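Given next, in C-alpha coordinates, is a single chain: the form predicted alone.
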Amino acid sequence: MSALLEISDLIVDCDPETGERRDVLRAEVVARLRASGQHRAARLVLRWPATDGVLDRAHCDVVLLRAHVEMQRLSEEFLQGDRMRLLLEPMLAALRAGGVRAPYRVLDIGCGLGYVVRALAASGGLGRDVELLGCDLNRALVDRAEALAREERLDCRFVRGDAFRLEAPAHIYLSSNALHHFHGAALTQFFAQQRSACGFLHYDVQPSPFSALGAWLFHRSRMRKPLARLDGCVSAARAHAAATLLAAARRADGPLVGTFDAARSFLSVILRPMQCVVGVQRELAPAFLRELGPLARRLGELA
(Lines give C-alpha, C1' and ligand atoms only; values in the text may rest on other atoms or scores of the structure.)
Protein backbone atom coordinates (compact mmCIF):
# COMPACT_ATOMS: atom_id res chain seq x y z
CA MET A 1 0.00 0.00 0.00
CA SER A 2 1.24 3.51 -0.84
CA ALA A 3 1.57 6.29 1.71
CA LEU A 4 -1.65 7.98 2.77
CA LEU A 5 -2.77 10.95 0.71
CA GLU A 6 -4.92 13.99 1.41
CA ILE A 7 -7.67 14.72 -1.08
CA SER A 8 -6.99 18.45 -0.88
CA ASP A 9 -3.44 17.87 -2.15
CA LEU A 10 -4.71 16.05 -5.24
CA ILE A 11 -7.66 18.08 -6.53
CA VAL A 12 -5.86 21.40 -7.16
CA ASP A 13 -2.74 21.54 -9.31
CA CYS A 14 -0.81 24.73 -10.08
CA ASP A 15 2.23 25.22 -12.27
CA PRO A 16 5.16 25.89 -9.88
CA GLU A 17 6.69 28.45 -12.23
CA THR A 18 3.71 30.47 -13.45
CA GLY A 19 1.12 29.69 -10.78
CA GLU A 20 -1.38 28.86 -13.51
CA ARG A 21 -3.97 26.30 -12.52
CA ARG A 22 -3.89 23.02 -14.42
CA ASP A 23 -6.61 20.47 -15.14
CA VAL A 24 -6.92 17.52 -12.78
CA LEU A 25 -8.27 14.23 -14.09
CA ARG A 26 -10.80 12.66 -11.74
CA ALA A 27 -9.76 9.13 -12.74
CA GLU A 28 -6.15 9.82 -11.77
CA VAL A 29 -7.12 11.15 -8.34
CA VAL A 30 -9.40 8.15 -7.75
CA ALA A 31 -6.70 5.71 -8.87
CA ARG A 32 -4.11 7.23 -6.52
CA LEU A 33 -6.49 7.10 -3.57
CA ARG A 34 -7.41 3.49 -4.28
CA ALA A 35 -3.73 2.57 -4.60
CA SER A 36 -3.15 3.96 -1.10
CA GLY A 37 -6.09 1.96 0.27
CA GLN A 38 -8.28 5.03 0.80
CA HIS A 39 -11.44 3.67 -0.78
CA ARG A 40 -13.86 5.98 1.06
CA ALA A 41 -11.92 8.98 -0.20
CA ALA A 42 -11.92 7.54 -3.72
CA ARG A 43 -15.70 7.06 -3.65
CA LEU A 44 -16.15 10.65 -2.48
CA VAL A 45 -14.12 12.11 -5.38
CA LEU A 46 -15.84 9.78 -7.83
CA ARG A 47 -19.15 11.52 -7.02
CA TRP A 48 -17.82 14.98 -7.88
CA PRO A 49 -18.74 16.57 -11.24
CA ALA A 50 -16.27 16.36 -14.12
CA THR A 51 -16.29 17.42 -17.77
CA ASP A 52 -14.46 15.11 -20.18
CA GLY A 53 -12.92 13.51 -17.12
CA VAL A 54 -11.57 16.80 -15.70
CA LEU A 55 -12.71 17.71 -12.20
CA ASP A 56 -14.89 20.82 -12.08
CA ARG A 57 -12.71 23.58 -10.62
CA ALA A 58 -15.57 25.58 -9.16
CA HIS A 59 -16.90 22.52 -7.33
CA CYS A 60 -13.44 21.71 -5.96
CA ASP A 61 -13.07 25.28 -4.68
CA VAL A 62 -16.45 25.18 -2.94
CA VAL A 63 -15.61 21.85 -1.31
CA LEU A 64 -12.24 23.17 -0.14
CA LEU A 65 -13.74 26.39 1.23
CA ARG A 66 -16.37 24.52 3.21
CA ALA A 67 -13.80 22.09 4.55
CA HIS A 68 -11.45 24.89 5.60
CA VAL A 69 -14.27 26.64 7.44
CA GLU A 70 -14.74 23.46 9.45
CA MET A 71 -11.02 22.85 9.88
CA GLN A 72 -10.66 26.34 11.31
CA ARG A 73 -12.35 24.88 14.38
CA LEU A 74 -9.19 22.89 14.98
CA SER A 75 -7.15 26.09 15.14
CA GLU A 76 -9.75 27.78 17.31
CA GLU A 77 -10.11 24.95 19.81
CA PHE A 78 -6.36 24.37 19.97
CA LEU A 79 -5.79 28.12 20.46
CA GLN A 80 -3.38 28.17 17.53
CA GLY A 81 -3.25 31.95 17.39
CA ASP A 82 -2.19 32.09 21.04
CA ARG A 83 0.33 29.28 20.55
CA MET A 84 1.95 31.18 17.71
CA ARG A 85 1.99 34.47 19.60
CA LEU A 86 3.75 32.77 22.51
CA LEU A 87 6.84 32.29 20.34
CA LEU A 88 6.41 35.09 17.81
CA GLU A 89 6.56 37.92 20.36
CA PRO A 90 9.96 36.83 21.77
CA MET A 91 11.31 36.34 18.25
CA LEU A 92 10.22 39.84 17.22
CA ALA A 93 11.78 41.21 20.39
CA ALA A 94 15.03 39.45 19.44
CA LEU A 95 14.98 41.09 16.01
CA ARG A 96 14.56 44.52 17.59
CA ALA A 97 17.31 43.84 20.14
CA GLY A 98 19.59 42.58 17.39
CA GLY A 99 19.23 45.77 15.36
CA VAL A 100 17.39 44.17 12.44
CA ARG A 101 15.83 46.96 10.41
CA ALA A 102 12.01 47.25 10.56
CA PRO A 103 9.37 46.78 9.32
CA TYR A 104 9.32 43.07 10.11
CA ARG A 105 7.44 40.93 7.62
CA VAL A 106 5.79 37.86 9.19
CA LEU A 107 4.48 35.45 6.56
CA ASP A 108 2.17 32.46 7.09
CA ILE A 109 2.89 29.74 4.50
CA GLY A 110 -0.16 27.86 3.22
CA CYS A 111 -2.41 30.17 5.22
CA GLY A 112 -5.74 28.78 3.93
CA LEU A 113 -8.46 31.04 5.30
CA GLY A 114 -5.81 32.96 7.23
CA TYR A 115 -7.00 32.13 10.73
CA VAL A 116 -3.61 32.46 12.43
CA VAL A 117 -2.77 35.75 10.68
CA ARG A 118 -6.22 37.14 11.43
CA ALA A 119 -6.02 36.01 15.06
CA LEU A 120 -2.64 37.71 15.48
CA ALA A 121 -3.95 40.89 13.88
CA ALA A 122 -7.14 40.87 15.95
CA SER A 123 -5.36 40.51 19.27
CA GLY A 124 -2.90 43.29 18.42
CA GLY A 125 0.19 44.09 20.45
CA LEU A 126 2.84 42.86 17.99
CA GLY A 127 3.79 46.44 17.18
CA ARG A 128 3.31 48.89 14.35
CA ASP A 129 6.64 47.78 12.89
CA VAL A 130 5.19 44.33 12.04
CA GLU A 131 3.58 43.42 8.71
CA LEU A 132 1.32 40.36 8.81
CA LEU A 133 0.94 38.48 5.55
CA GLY A 134 -0.64 35.17 4.55
CA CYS A 135 0.18 33.28 1.38
CA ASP A 136 -1.51 30.33 -0.31
CA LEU A 137 -1.46 28.80 -3.79
CA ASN A 138 -5.25 28.49 -3.90
CA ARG A 139 -6.88 31.71 -5.08
CA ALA A 140 -10.33 30.81 -3.71
CA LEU A 141 -8.92 30.45 -0.19
CA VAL A 142 -6.89 33.66 -0.46
CA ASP A 143 -9.86 35.66 -1.75
CA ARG A 144 -11.97 34.46 1.16
CA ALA A 145 -9.22 35.23 3.67
CA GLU A 146 -8.97 38.76 2.25
CA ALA A 147 -12.74 39.18 2.49
CA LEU A 148 -12.76 38.02 6.11
CA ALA A 149 -9.94 40.42 6.99
CA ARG A 150 -11.89 43.31 5.46
CA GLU A 151 -15.07 42.33 7.29
CA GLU A 152 -13.16 42.12 10.56
CA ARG A 153 -11.27 45.37 9.82
CA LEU A 154 -7.90 43.75 10.43
CA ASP A 155 -4.49 45.10 9.50
CA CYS A 156 -3.17 42.12 7.53
CA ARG A 157 -2.93 41.02 3.90
CA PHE A 158 -3.26 37.80 1.91
CA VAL A 159 -1.70 36.98 -1.44
CA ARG A 160 -1.86 34.07 -3.86
CA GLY A 161 1.42 32.48 -4.86
CA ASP A 162 4.56 30.72 -3.73
CA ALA A 163 5.64 32.09 -0.36
CA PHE A 164 9.29 31.85 -1.36
CA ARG A 165 8.92 33.69 -4.68
CA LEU A 166 7.34 36.89 -3.46
CA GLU A 167 9.01 40.18 -4.32
CA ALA A 168 10.05 40.82 -0.71
CA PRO A 169 11.13 37.88 1.48
CA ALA A 170 9.88 37.50 5.03
CA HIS A 171 11.87 38.06 8.20
CA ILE A 172 9.90 35.31 9.98
CA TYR A 173 8.01 32.42 8.37
CA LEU A 174 5.09 30.67 10.06
CA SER A 175 2.93 27.66 9.28
CA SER A 176 0.25 25.60 10.98
CA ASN A 177 -0.41 21.99 10.01
CA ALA A 178 1.67 22.26 6.85
CA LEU A 179 4.84 20.27 7.58
CA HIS A 180 3.20 16.88 7.11
CA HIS A 181 2.54 17.78 3.47
CA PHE A 182 6.31 17.53 2.81
CA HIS A 183 8.33 14.33 2.92
CA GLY A 184 11.87 13.27 2.14
CA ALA A 185 13.84 15.73 -0.01
CA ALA A 186 10.81 18.04 -0.22
CA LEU A 187 10.89 18.54 3.56
CA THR A 188 14.57 19.51 3.50
CA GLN A 189 13.90 21.84 0.56
CA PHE A 190 11.08 23.49 2.51
CA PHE A 191 13.52 24.45 5.25
CA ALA A 192 16.29 25.32 2.79
CA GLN A 193 14.08 27.98 1.25
CA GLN A 194 14.07 29.72 4.63
CA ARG A 195 17.84 29.63 5.02
CA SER A 196 18.24 33.41 4.99
CA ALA A 197 15.24 34.23 7.20
CA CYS A 198 15.76 35.66 10.67
CA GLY A 199 13.63 32.83 12.02
CA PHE A 200 10.70 30.49 11.53
CA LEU A 201 7.94 28.88 13.60
CA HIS A 202 6.23 25.79 12.17
CA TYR A 203 3.53 24.05 14.19
CA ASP A 204 2.15 20.63 13.37
CA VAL A 205 0.49 17.67 15.06
CA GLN A 206 2.66 15.80 17.54
CA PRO A 207 2.65 12.13 16.47
CA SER A 208 1.99 9.60 19.17
CA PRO A 209 0.08 6.34 19.74
CA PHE A 210 -2.90 8.56 20.63
CA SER A 211 -2.82 11.12 17.79
CA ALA A 212 -4.67 8.99 15.24
CA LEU A 213 -7.45 8.10 17.69
CA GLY A 214 -7.65 11.66 18.96
CA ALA A 215 -7.89 13.02 15.42
CA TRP A 216 -10.64 10.55 14.55
CA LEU A 217 -12.68 11.42 17.66
CA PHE A 218 -12.26 15.16 17.12
CA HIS A 219 -13.15 15.10 13.44
CA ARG A 220 -16.11 12.78 13.91
CA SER A 221 -17.54 14.95 16.66
CA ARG A 222 -16.72 18.42 15.30
CA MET A 223 -16.69 18.11 11.49
CA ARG A 224 -19.63 17.61 9.15
CA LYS A 225 -18.01 17.80 5.71
CA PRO A 226 -16.54 14.52 4.39
CA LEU A 227 -13.38 16.20 3.09
CA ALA A 228 -12.63 17.76 6.47
CA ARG A 229 -13.19 14.45 8.25
CA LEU A 230 -11.10 12.36 5.88
CA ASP A 231 -8.21 14.77 5.37
CA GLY A 232 -8.08 15.69 9.05
CA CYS A 233 -7.49 12.10 10.11
CA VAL A 234 -4.90 11.55 7.38
CA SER A 235 -3.05 14.69 8.48
CA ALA A 236 -2.49 13.25 11.95
CA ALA A 237 -1.32 9.95 10.50
CA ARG A 238 1.23 11.73 8.26
CA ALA A 239 2.71 13.94 10.99
CA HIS A 240 6.49 13.81 11.41
CA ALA A 241 8.35 12.89 14.59
CA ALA A 242 10.43 15.68 16.10
CA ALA A 243 13.68 13.89 15.17
CA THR A 244 12.64 13.77 11.51
CA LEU A 245 11.83 17.48 11.43
CA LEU A 246 15.06 18.44 13.17
CA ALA A 247 17.16 16.31 10.82
CA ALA A 248 15.54 17.88 7.74
CA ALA A 249 15.87 21.43 9.07
CA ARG A 250 19.52 20.96 10.03
CA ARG A 251 20.39 19.43 6.67
CA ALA A 252 19.16 22.69 5.15
CA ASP A 253 22.09 24.45 6.86
CA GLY A 254 20.10 27.51 7.86
CA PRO A 255 19.19 29.00 11.27
CA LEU A 256 19.78 27.18 14.54
CA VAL A 257 16.88 24.78 15.06
CA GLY A 258 15.07 23.23 18.03
CA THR A 259 11.64 21.88 18.88
CA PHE A 260 9.17 23.52 21.23
CA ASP A 261 6.81 21.26 23.21
CA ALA A 262 8.13 18.06 21.62
CA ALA A 263 6.95 15.08 23.69
CA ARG A 264 9.31 14.08 26.49
CA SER A 265 6.97 11.90 28.50
CA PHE A 266 3.62 10.12 28.38
CA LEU A 267 1.94 13.08 30.06
CA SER A 268 3.37 15.66 27.66
CA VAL A 269 1.89 13.77 24.71
CA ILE A 270 -1.57 14.16 26.26
CA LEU A 271 -1.17 17.80 27.32
CA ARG A 272 0.65 19.07 24.24
CA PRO A 273 -0.85 17.69 21.03
CA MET A 274 1.06 20.22 18.89
CA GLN A 275 4.81 20.69 18.50
CA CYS A 276 6.72 23.53 16.85
CA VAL A 277 9.97 23.56 14.89
CA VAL A 278 11.73 26.77 15.86
CA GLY A 279 14.51 28.29 13.79
CA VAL A 280 16.48 31.42 14.70
CA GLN A 281 19.68 32.86 13.27
CA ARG A 282 22.73 32.26 15.46
CA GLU A 283 23.36 35.93 16.25
CA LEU A 284 19.72 36.38 17.38
CA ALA A 285 19.51 33.18 19.46
CA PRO A 286 20.77 34.63 22.81
CA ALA A 287 18.22 37.45 22.71
CA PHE A 288 15.45 35.04 21.69
CA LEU A 289 16.19 32.69 24.58
CA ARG A 290 16.34 35.63 26.98
CA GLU A 291 12.98 36.94 25.74
CA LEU A 292 11.41 33.49 26.08
CA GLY A 293 12.06 33.55 29.82
CA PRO A 294 10.58 30.49 31.60
CA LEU A 295 9.22 29.19 28.27
CA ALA A 296 12.80 28.37 27.27
CA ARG A 297 12.46 25.19 29.36
CA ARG A 298 10.00 23.89 26.79
CA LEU A 299 12.43 24.49 23.92
CA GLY A 300 14.90 21.80 23.01
CA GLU A 301 18.54 22.59 22.33
CA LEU A 302 19.12 24.98 19.45
CA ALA A 303 21.72 23.53 17.12
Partner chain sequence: MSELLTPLLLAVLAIVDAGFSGYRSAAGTSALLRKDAYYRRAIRHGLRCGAIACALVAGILGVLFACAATEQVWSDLLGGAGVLVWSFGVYATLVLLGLGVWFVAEADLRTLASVLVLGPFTLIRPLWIAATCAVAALGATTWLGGFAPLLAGVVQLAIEPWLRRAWAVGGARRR
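Positions refer to the first chain, counted from 1. On a predicted model such as this, the values are computed, not experimentally measured, just so you know.
Not pictured, yet referred to below: the form predicted in complex with its partner chain.
Within 4.5 Å of its partner chain in the predicted bound form, a heavy atom is found for all three of 69, 78 and 151. Interface residue among 271, 62, 35, 243 relative to its partner chain in the predicted bound form, by the heavy atom within 4.5 Å criterion: 271. Site annotation in the predicted bound form: the residue of 101, 165, 128, 220 reaching within 4.5 Å of its partner chain with a heavy atom is 220. Stretch-level contact analysis of 220 to 228, 171 to 179, 187 to 195, 131 to 139 against its partner chain in the predicted bound form, using heavy atoms and a 4.5 Å limit, identifies 220 to 228. Contact check for residue 113: a non-hydrogen atom falls within 4.5 Å of its partner chain in the predicted bound form. Within this chain, residue 73 lines the site of its partner chain in the predicted bound form, having a heavy atom no more than 4.5 Å away. Taking non-hydrogen atoms only, residue 159 never approaches its partner chain to within 4.5 angstroms in the predicted bound form. Interface membership of residue 118, defined by any non-hydrogen atom within 4.5 Å of its partner chain in the predicted bound form, is confirmed.
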